[in-house]
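Here you get one chain, nothing else, as structure tokens; it is the form predicted alone.
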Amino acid sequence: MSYEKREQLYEGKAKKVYATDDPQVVIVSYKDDATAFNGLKKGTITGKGAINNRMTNNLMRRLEAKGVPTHYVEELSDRETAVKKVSIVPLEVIIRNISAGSFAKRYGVEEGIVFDQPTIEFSYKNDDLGDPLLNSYHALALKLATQDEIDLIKKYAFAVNDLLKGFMKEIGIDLVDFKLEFGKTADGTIVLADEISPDTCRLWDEKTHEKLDKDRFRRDMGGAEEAYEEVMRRLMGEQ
């Protein structure tokens, strides 16, 4: 299918979204801009847009094949993808397999503790408020989602975790934690949306525990470009 790119509908921290000649389909264009700490830190990770686009599409196709519905339609170029038009459910879903980042800070534990079972947390997708944590009762009170939608989102999130952990294990990477977003299509179907990339996942080399994700940018460690390229190379089998 070819989709005609029309007016820009939205620009976020990492992506732009364009209308197409199909009212049910939009084009997502990935940028090299990098932000952290709710946009307080800004920079560029050269080549990140293309890597995040292709990696997201690769993983979404694989998840779709395993029964997780996604917004993916078609990869158009290195940076652009056609996806189903959805209204984003304003709940960010964070799954954690190993302690790191804000979890370690919030609960005063060291990074690297492997949990007996994964944890799940929700945050209210609202930059002005700093994406505060909330539970399902808060989500219902704020009418962010229905109980059935929350239950379905949880089910999909844990399924994605199991599958992603497996995909990453095959390429020698530990999936530490990651953030997901879900959207609703015009008929109300819940699908996995947004992206799955080193921007949204913590990925550690399983042998060296080297960080292969956006923490390299967040923490001024350097080597972010190389880390993103390394994940892409392993995932896509590219030399």
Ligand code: UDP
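Each residue number is its position in the shown sequence, starting from 1. Keep in mind it's a predicted model, so treat the numbers as computed, not measured.
The following text describes the form predicted in complex with this ligand, which does not appear among the structures shown.
Using a 4.5 Å cut-off to this ligand in the predicted complex, each of I94, F103 and R202 places a heavy atom inside that distance. Residue in contact with this ligand in the predicted complex (any heavy atom within 4.5 Å), chosen from D151, E121, D78, E74: E121.
The chain is drawn here without this ligand; in the predicted complex, the stretch among 23-31, 170-178, 204-212, 57-65 whose residues come within 4.5 Å of it by any heavy atom is 170-178. In the predicted complex, at least one heavy atom of R218 sits within 4.5 Å of a heavy atom of this ligand.
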